[in-house]
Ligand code: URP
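Shown below, as structure tokens, is a lone chain in the form predicted alone; questions about how it binds or moves come after it.
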């Protein structure tokens, strides 16, 4: 039996098992697992390496409108190249609707931005900003049918925040269509109240961003989102959870048998609000929402990962340049934290950070790592078993890891469009050295070998979380 590629001598880890085995790849898929698989066009010696399902980062923002005079640092080529170097084989960015826009036209525009510009595979979530009758009654159900089976709603931000009634209506469509709702949970009115009060007191430096969005702002919105979802009886994913109070709201809902799920991110494991206190405007590098909290909140987020309250670990990659008038240092941003673009780069560092801080330091197992960074994403967003595991018949999306490699994270090592990394100087143990997408190397031994048009758009099935018990999405 001839193969296109054989990966020989490595150790495979999935979300449930770890075993020594060779992988035979043919026509972009895993064709065989075993020993002495025979011949192949390319036999790759991966002795001493880990063979893991490629990372799926299901929460990234790419080439997204960010306000007048503000430009995101990454287009699709830069973001997917950066993701590939970080061991990812798929990302799920957002097609963001703005008030008055046709959702169908927004999706078409994002496809145009991505077409021919992706090193790895992509699929789109939707962002619902205008919950009109036409959107909810016609466009959204049709798009779910076409494979856009998840959408995000915001409880904050000017022009994006939905009222409770609008959220209930969106959730109702999700229930009818079997889609999954993602929620950015922060109380918009409370943030506006606190921001206005801080500015009147002359407290406009970057570190006051954290003061404008304290933990109760997130906890209250998390509780309210869960309550609305309970009323409609629909699953929800609370994204980028940053603290214990919000995590406990999710845990209590889960203990009551509700289909409520959680996600956290690297910034809530490594950064704190003190990072926003950098000299001059350095603190803007760490402005994101929710903001980093404190050491106790970091521990709570680890508990959420360890105890299964959080099923996803995503980057919330939302990159802007720091030293740029169209980025963090825009003229209005210099006058108040209110105008600093919210978001930090992180798609390339997500996996090494969790591997090092989690697996290498004994906080989580290698199998937990695979689940949190790949398998659970595939199951949550209608991609499993085509994506998210190493199994015969699945796409050969594989990250080859050197578990002993020590690296100091530095902007000089990054491959995206931002001019800084918020994790500068952090030492990690464990690093992805090669990344394969559908059987083809995109990164090989630390060098880019894939083409900019190698990635494909993947239509998704319905979320395993939103399907009746006993059924499974094909992810094809």
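Positions refer to the first chain, counted from 1. Values in this document were obtained by computation on a predicted structure and should not be read as measured data.
One more form of this protein exists, namely the form predicted together with this ligand; it is left out here, but the text below deals with it.
*Asks:* This ligand isn't shown here, but in the model of the complex which of 288, 276, 143, 229 has a heavy atom within 4.5 Å of it?
*Replies:* Here the answer is residue option 288.
*Asks:* Sort through 266, 343, 235, 352 and report the residue having a heavy atom within 4.5 Å of this ligand in the model of the complex.
*Replies:* Partner contact (heavy atom, 4.5 Å) among the options: 343.
*Asks:* Would residue 152 count as a contact of this ligand in the model of the complex, using a 4.5 angstroms cut-off between non-hydrogen atoms?
*Replies:* Contact check for residue 152: yes, within 4.5 Å of this ligand in the model of the complex.
*Asks:* Given that this ligand is not shown alongside this chain, does residue 157 nevertheless sit within 4.5 Å of it in the model of the complex, heavy atom to heavy atom?
*Replies:* Contact check for residue 157: yes, within 4.5 Å of this ligand in the model of the complex.
*Asks:* Counting only non-hydrogen atoms and a 4.5 angstroms cut-off, does residue 379 reach this ligand in the model of the complex?
*Replies:* So residue 379 does not count as contacting this ligand.
*Asks:* Heavy atoms within 4.5 Å of this ligand in the model of the complex: does residue 249 have any?
*Replies:* Outside the cut-off, so no.
*Asks:* For the interface check, one of 306-314, 162-170, 357-365, 335-343 should have non-hydrogen atoms within 4.5 Å of this ligand in the model of the complex; which one?
*Replies:* Of the stretches listed, the one contacting the partner is 335-343.
*Asks:* Does anything in 225-241 come within 4.5 Å of this ligand in the model of the complex by heavy atoms, and if so which residues, in order?
*Replies:* Read in sequence order, the lone residue that approaches this ligand (within 4.5 Å, in the model of the complex) is 240.
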